[in-house]
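First, one chain by itself: the form predicted on its own, in structure tokens.
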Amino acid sequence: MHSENHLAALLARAAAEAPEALFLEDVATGARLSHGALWQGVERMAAALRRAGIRPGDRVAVQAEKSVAMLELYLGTLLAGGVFLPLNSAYTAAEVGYFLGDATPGLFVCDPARETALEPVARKAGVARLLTLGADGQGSLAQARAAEAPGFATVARGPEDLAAILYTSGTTGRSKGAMLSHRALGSNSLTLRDYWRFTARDVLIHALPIYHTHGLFVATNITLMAGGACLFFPKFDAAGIIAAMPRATALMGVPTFYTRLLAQPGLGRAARGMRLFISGSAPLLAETHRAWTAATGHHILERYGMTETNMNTSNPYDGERRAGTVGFPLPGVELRVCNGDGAELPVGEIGTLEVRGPNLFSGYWQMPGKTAEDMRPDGFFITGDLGMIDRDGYVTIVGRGKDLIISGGLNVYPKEVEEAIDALPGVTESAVIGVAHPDLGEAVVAVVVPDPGAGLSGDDIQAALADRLARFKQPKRVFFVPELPRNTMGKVQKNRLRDAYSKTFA
């Protein structure tokens, strides 16, 4: 059906074998779509893209709400030989302008409600065409798709051709476009399908956004490759997910999903028949891991990936899923812990994680200097994440390299301090940052979310840590906030905290 297009051929194989099998149930509308019907829609979308002027290698940028039509747009872009570029639906017009100017797409697709605001932005960026796509299936691209017939002659693309560009949510400097090849996406999804034991019998609760690698490539690609089905939620809905669990086998989520689901009545009963709960995109607290096991009898499987590499490690399907770790390197992925000079460190020592494998990106879009900076001559990618490998082979992430605090010349790893604070009674969670200090260079500062009505003071926390942490690791100041700032994938935005408290010791 799509034999020459590397990634599309992998994704469409199940449809060729069992076209009548259910692929998706739209939870919002109740509409059901088979694997075969999905690909007919994809072919029509590809034809509409070609008619809109998309040629092999052209970028198709999209900022739209999650919908089945947006999945068709992703797959249709592949069939047409294009490069899919999804943008976070929360980005402002100014932010969208940067991405359009940088990626120079042949087509920009946006929500009909935002067309008036974004049309001048697209025009200024020199985008050739603007079409619209609404979550309700309306819009000029939806109309163009409806006018086409299935039976699109797929554009040939090889393993090294680009399939997508995803911009990293850079906390420093401008966002970089990670170029992802057919090889990188195809090989990683096949590995995960097998490692996590996905088959045609699986039904995945799909409640993640599809502008991000987790929801778009991991969740969607695995479901397609397994020939399985998904219950498609427009956005996270705790009560809806609990109601869906008896009909499902697996859930992929971010840590926030799990903390919110833990607060729902009926979780334990609903989760009983599920096969697998996967967490990623941000660190899962060991406490959440334990609470989930206590409530459901299931051990959450935590894994580790990033935009540039897809997934790198995973806790085992069989064997101990160790709370606070991200498991082992995936088959075919090599991982090492190095010092700043690139020398490998012994087991148990903290350093920068470097990875190599078929899952790696092809470089940053139009930033050869940055690509060269982050790649070793032997093909290892420098992730910028700090971690260690224990003697059993489990990988633990201790933070981003730029989050490392050097206080009085001594290294402080925020995660160690956060774990000590989070274990205290009355604390919901914490974030630890380094703030400029006239004497120490940087001082340790803790930002704490207390439990409702806990009545904690900074003195309480400092006193509790006095015997638990070396003095240089103890926070010099403690601030209390109702919640920590997070991006849409649940990652704590420490850059915002550093900005907010930068004058603490000035």
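The first residue of the shown sequence is 1; numbering continues from there. Small disclaimer: the values here were computed from a predicted structure and weren't measured.
One more form of this protein exists, namely the form predicted together with a small molecule; it is left out here, but the text below deals with it.
Problem set entry | Proximity to the small molecule in the predicted complex (heavy atom, within 4.5 Å), stretch among 122-130, 334-342, 145-153, 276-284 | Only one stretch qualifies here: 276-284.
For this session: Would you check, heavy atoms only and a 4.5 Å threshold, whether residue 326 touches the small molecule in the predicted complex?
Result: Heavy-atom contact with the small molecule at 4.5 Å: present for residue 326.
Exercise. Would residue 305 show up as a contact with the small molecule in the predicted complex if we use heavy atoms at 4.5 Å?
Worked result: Because a heavy atom of residue 305 falls inside 4.5 Å of the small molecule in the predicted complex, the answer is yes.
Exercise. Could you tell me if residue 385 has a non-hydrogen atom within 4.5 Å of the small molecule in the predicted complex?
Worked result: Residue 385: contacts the small molecule in the predicted complex.
Exercise. So, in the predicted complex, is residue 298 in contact with the small molecule at a 4.5 angstroms heavy atom limit?
Worked result: Close contact is absent here: in the predicted complex, residue 298 is far from the small molecule, nothing within 4.5 Å, heavy atoms only.
Exercise. Exactly one of 322, 400, 183, 356 has a non-hydrogen atom within 4.5 Å of the small molecule in the predicted complex; which residue is it?
Worked result: Exactly one listed residue reaches within 4.5 Å, namely 400.
For this session: Scan 406, 372, 200, 93 and let me know which has any heavy atom within 4.5 Å of the small molecule in the predicted complex.
Result: When the small molecule is considered in the predicted complex, the option within 4.5 Å is 406.
Problem set entry | Pairwise C-alpha change, residue 404 versus residue 253, in the predicted complex against this form - closer or farther, 3 angstroms or more | Note: Cα gap between residue 404 and residue 253 shrinks in the predicted complex.
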